[in-house]
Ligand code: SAM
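Okay, here we've got a single chain as structure tokens, the form predicted on its own, with questions on binding and movement later.
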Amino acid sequence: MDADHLSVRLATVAEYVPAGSRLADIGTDHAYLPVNLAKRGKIAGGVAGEVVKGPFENAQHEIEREGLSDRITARLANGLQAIKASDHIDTVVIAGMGGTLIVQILTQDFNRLAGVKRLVLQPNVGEQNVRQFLMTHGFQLVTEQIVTEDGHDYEILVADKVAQPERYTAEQLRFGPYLLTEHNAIFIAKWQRELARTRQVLAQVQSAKVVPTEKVAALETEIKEIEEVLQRVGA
């Protein structure tokens, strides 16, 4: 992968960055995403934020190599601390991290999202945590996508700033309101695998010398929820 050839995951993220926006890519790694978007004229400019020195230097090098230093600024900073008011950022991407870490990044410097109109978030796990955060912090999901690449499934959550976000059920928070409605083949395959994994965990827990009843009950509930969704979507 390079700035001219994004992975399926990052290319899908890129689709939801509005044209003409000022982007902050948090955890940018090599800055492939902002460089790609700038080269295609899709963004006006922005910031490539990275908390680790090595990836920050990679990002800096990539930006300079492509002659984009006047439009994209690489910053070594923790999370949203890479954003300054003078950047006029209106779109934030955080991709390739766990959902808990994404929520932590958004929460600890939430004030830096003051001018942000869109979040494009791609958690590797813990998607439910991210949806819960969006719903309770003034961001409305506008679409979700699920893609598969190299044996891994990735959910991309796109949310816009609104006055009153829609309230979601526990099922919608877990499975994704848009993904539930579309229930494409990748979604179904993901939850079939998750069902098999959870059944396996339950069997292991039940075979323990001392069976933890609360854990068993939680796993059985989880299995029932997944089975109901899969049955409903005809899987």
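For clarity, every value in this text was computed on a predicted model and none was experimentally measured. Residue numbers run from 1 along the displayed sequence.
The next section is about a form of this same protein that is not shown, the form predicted in complex with the ligand.
Checked against the ligand in the predicted bound form, the candidates 194, 66, 182, 29 yield a single residue with a heavy atom inside 4.5 Å, and that residue is 29. Between the options 173, 51, 202, 188, the residue in contact with the ligand in the predicted bound form by a heavy atom within 4.5 angstroms is 51. With the ligand omitted here, the record of contacts in the predicted bound form names 96 to 104 of 134 to 142, 83 to 91, 96 to 104, 161 to 169, defined by a heavy atom within 4.5 Å.
The shortest heavy atom separation between residue 78 and the ligand in the predicted bound form is within 4.5 Å.
In the predicted bound form, the ligand stays beyond 4.5 Å of every heavy atom belonging to residue 177. When contacts are judged by a 4.5 Å heavy atom cut-off, residue 10 counts as touching the ligand in the predicted bound form. The shortest heavy atom separation between residue 55 and the ligand in the predicted bound form is within 4.5 Å.
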